[in-house]
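Okay, here we've got a single chain as structure tokens, the form predicted alone, with questions on binding and movement later.
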Amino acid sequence: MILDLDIGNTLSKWRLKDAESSEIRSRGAVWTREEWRPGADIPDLDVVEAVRISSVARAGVLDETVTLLRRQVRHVFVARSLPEALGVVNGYDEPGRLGVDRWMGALAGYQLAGGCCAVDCGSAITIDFVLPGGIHLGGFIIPGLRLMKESLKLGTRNVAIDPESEADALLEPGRRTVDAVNHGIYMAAVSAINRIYSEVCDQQGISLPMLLTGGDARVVSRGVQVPHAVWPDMVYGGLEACYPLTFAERAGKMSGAPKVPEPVSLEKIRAGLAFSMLL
């Protein structure tokens, strides 16, 4: 079995993948912690042959995790943000300072679409652009839905937006404080994503496919106005591309990869921007 770990600042997600068939056998998530120990919510390491890790947690958390895993697992691969990989040139002035989850998403998106806008809707919402030809432009970071809600300190932090909510309802004025908060932060998030996408495509003179991942991708997706696809395993896809261990991975197949959405025309993007300027 192959254990893939996506260690975030708040949540650590994992999945077990069969090394022979490339099938996903199980998956789960735990709160990111200082001392990472196997338990009921962690897969049995006795069946694991290799581990691939993407981590944006504190260095101590990653070091503790790697130390533990190397005692029990033969192969441990830790992803790093590099100046260049898999045909993508890192757009950061200091490439190592780009969050490795964003780097994995950019690499996966490029392998799938040959140029994309990769949006990760987690504790923070990150928006990265990779042009055809592999030039990573850099990106944008805005507060995620939960972070925005907590910053208001209105006692609503534990009342999450229902993932089944329709975008039309979420964009209406709220008639309770909790609804006003939820609808306000939703409007802020999706408006930022839509505007950033349009502005960058206009600047670069190209319409790019958009891919969404992260815990809030499903609900954010409802308010995104351009064609897009939700890819929950996009960070894992980057790990697969960087460290291919199965026959399917070596053939370039990434688990759960969606059909690449056909982007809207650049003319429509520019028309939308021009209209918004008149309002």
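Small disclaimer: the values here were computed from a predicted structure and weren't measured. All residue numbers are counted from 1 along the displayed sequence.
Beyond the structure shown, there is the form predicted in complex with a small molecule, which is absent from this document and is the topic of what follows.
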{"query": "Stretch in contact in the predicted bound form with the small molecule, which is absent here, among 212-220, 44-52, 60-68, 249-257 (heavy atoms within 4.5 Å)", "finding": "212-220"}
{"query": "The small molecule contact at S123 in the predicted bound form, heavy atom, 4.5 Å", "finding": "yes"}
{"query": "Contact test in the predicted bound form: L11 vs the small molecule, heavy atoms, 4.5 Å", "finding": "yes"}
{"query": "Partner proximity in the predicted bound form: R146 to the small molecule, non-hydrogen atom cutoff 4.5 Å", "finding": "yes"}
